[in-house]
Structure formats: C-alpha cells, structure tokens
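This document starts with one chain, in the form predicted alone, laid out as structure tokens.
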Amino acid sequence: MELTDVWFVAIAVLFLGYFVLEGFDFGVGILLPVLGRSDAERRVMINTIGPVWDGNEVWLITAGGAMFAAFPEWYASLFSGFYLPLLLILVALIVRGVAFEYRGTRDSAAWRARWDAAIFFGSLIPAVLWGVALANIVRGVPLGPGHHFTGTVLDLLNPYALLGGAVTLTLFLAHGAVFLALKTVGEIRERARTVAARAGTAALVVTAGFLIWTQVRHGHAVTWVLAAIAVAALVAALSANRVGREGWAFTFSAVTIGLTVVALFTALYPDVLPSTVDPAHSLTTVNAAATPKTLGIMTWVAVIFLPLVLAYQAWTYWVFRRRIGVQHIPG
C-alpha cells in the first residue's frame, strides 16, 4: 500500500472517530430544550458531555491538519468551494464551546436560556452541514482546470446532499439520545429512550434511502456489504434500546455511523474530490498528494503520538463512566 492510500485511510478513520464521538454530543446539544424540562435536568444533560466534548473535537482538528499536510490540493479545493458551509460550521462550534463555558457564570434564568439556545443551534448547524458536505464530496462538485471550484453555494444544495444532511441529523439525534439513556438515571433516561426510538426510526428510513442512492450512483460490491451492515446495526440499536440495553444500543448506533462513513469513503476512492464537469479534473489520492518525504514524516509522527491520544481519550471516558441524575446536581 502506498503512503497516499495510508493517509486516505487515516483521514477516513479520523472523520469516522469525529462523527461517532462528536455525533452524540451534537445530539445531546440538540435535545437540550427537548429533554431538559428544568434547569437541573439541562445541567445533567450538559454534564454528561462536559468532560469529553472538547476532546471529541480533537478528531476534527487532526483530520483537517492531516488533509492539509497529506493532500494539500484536496484541502485547497475543498475549503475554497465549501467556504460558506465550513465557515458556518466553524462559527457554530465556537459559539457552542463558549456557551458551555459561560452558561453557569451568572445566576440568571434569561442568561442561561440564551446560552442554551446557543448550544442548540451550535449543535444543530454542524449536525446538518457535515452531512451536506460529506455527501457533496462523494457526489462531486464543479471542478475546472487546475482543480478550481467553478460552482456556487447553490450547487452544494442538491437533493443528494440535503438527504445526507438529514442522515447525519437523525443519526446524531438517535446517537445522542441513546448516550443520554446510557449516562443518566430517572426521568431523563426514560424520555431519552423514547426519543431514541423515534429518532432512530427516522434515521433508519433516511439512512437506508441515502445508502441505496449512494450505491446506485457510486457503489460496488464492498460498499453494498458495508451499507447493509450499517442498516442492520441501526435495527439492532433500536431493538437494544427497546429492551433497555443502552450499552448495546450505543455500540450499535456507533457502528452504524462508523460504517456509513467507511462506505462513503470506500465509494469515493481513489478520488478525493470528483469533478462533475470533467473526470479529468477530478482530484485523486495521487494528484492531490503531498511529496513522499512529507507523507513519510507524517507517518512517523502519527505512529508515535496517535497511541498517546487514544490512551488519553480512553482514560477520560473511563474516569467519567458513571451515570448521573438530578440528585447529583448541587443547588
């Protein structure tokens, strides 16, 4: 396997980790005004993701850095063509992060309500736009000579991409609801299981439709298998949630998100950004890659530091593994 292929797989894995981990805290943020019926309950919900949400974003930062260093042409064309949606995602993530930190700094219901709204929209916007962006990467965008983006923002709002946004939104909602059921006790847990069943059913419909559309347009035998397992895992998650096995439900929903990402990147390969104007203008793992020396240095850095990052994140999740409820929130 060439280093270009290794780094394509590495970037796919980084986005997989980001969607699986950040996906549930996006879901929790969106569900904040739905499941949190009092300030204490909303504080419980925020505390379930409080120790981990910023660590989850490390996967995105690393994916962006890896894309910039390993495939600079991909990074340049993607960020110029997707400038507005990526800017909206960035602003939403900044506002969301500030909201987590500022929400409890003043004893005012109006103050907390404003920051709760910031958490909601700061979670909702990325949850939709990441699906739109990933779907457009697989579908392709107008790339002209020199791999320059020649379209407009409206080109990104095509039916396939909008369905991709619905997929990530519903999957993250179900994933977040299952996570809340896994991490809480009492009424929040029961309400979260109910929401997980409803959001999971909606996710099953839109995800199955999106994956079938992807396979018809871009898929092959391997991606058909991945798509089928992803849908089956979501069915298993719904079944586990129904009988109160939140741990298994969370595991299966994570498998669904992970395999959906893997299926999309597998369907994309060897392209990294196809051109809808002329296939000759498409960016591939070969013509978008950095020099072999750069890829070699990056590989050694990843081999040394990646285990440390994984160990730290695993330790964090282990330390904060307990369930919490309203009774654990001080007045």
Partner chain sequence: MDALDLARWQFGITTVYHFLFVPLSIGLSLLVAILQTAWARTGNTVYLRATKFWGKLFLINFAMGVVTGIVQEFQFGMNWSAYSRYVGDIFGAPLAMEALVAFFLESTFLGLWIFGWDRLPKAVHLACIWTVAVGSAVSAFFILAANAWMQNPRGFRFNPAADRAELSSFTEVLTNKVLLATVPHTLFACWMTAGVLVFAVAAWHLARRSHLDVMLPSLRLGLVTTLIAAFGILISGDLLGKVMTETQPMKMAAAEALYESAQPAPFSLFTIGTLSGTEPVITLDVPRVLSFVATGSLDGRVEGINDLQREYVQKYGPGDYRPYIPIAYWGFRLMMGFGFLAMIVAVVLLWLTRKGRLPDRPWLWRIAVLSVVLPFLANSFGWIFTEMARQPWVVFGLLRTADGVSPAVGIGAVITSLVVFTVVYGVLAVVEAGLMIKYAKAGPPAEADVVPAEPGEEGGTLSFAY
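Bear in mind that the values here come from a model prediction, so they are computed numbers and not experimental data. Residue numbers count along the first chain shown, from 1.
Keep in mind that the form predicted together with the partner chain is not shown, yet the notes after this line are about it.
*asked:* Tell me which stretch of 215-223, 82-90, 192-200, 156-164 has a heavy atom within 4.5 angstroms of the partner chain in the model of the complex.
replied: Going through the listed ranges, the match is 82-90.
**OP:** Taking 4.5 Å between heavy atoms as the contact cutoff, choose which of Val205, Ile94, Ala232, Ala117 touches the partner chain in the model of the complex.
**Re:** Among Val205, Ile94, Ala232, Ala117, a heavy atom within 4.5 Å of the partner chain in the model of the complex occurs only for Ile94.
**OP:** Quick one: from Gly55, Pro279, Pro270, Pro33, grab the residue that has a heavy atom within 4.5 Å of the partner chain in the model of the complex.
**Re:** Of the candidates Gly55, Pro279, Pro270, Pro33, Gly55 is the one lying within 4.5 Å of the partner chain in the model of the complex.
Indicate whether Val262 is a 4.5 Å heavy atom neighbour of the partner chain in the model of the complex. No, no contact at 4.5 Å.
Quiz prompt | 4.5 Å heavy atom contact, Gly247 to the partner chain in the model of the complex | solution = Close contact is absent here: in the model of the complex, Gly247 is far from the partner chain, nothing within 4.5 Å, heavy atoms only.
query: Is there any non-hydrogen atom of Ala76 lying within 4.5 Å of the partner chain in the model of the complex?
result: Output for Ala76 is yes: heavy atoms within 4.5 Å of the partner chain.
I'd like to check something about Val28: if you look in the model of the complex, is any of its heavy atoms closer than or equal to 4.5 Å to a heavy atom of the partner chain? No, Val28 is distant from the partner.
**OP:** May I ask you to list the residues of 298-312 that have any heavy atom within 4.5 angstroms of the partner chain in the model of the complex, in sequence order?
**Re:** Contacts from 298-312: Met298, Val301, Ala302, Phe305, Leu306, Val309, Tyr312.
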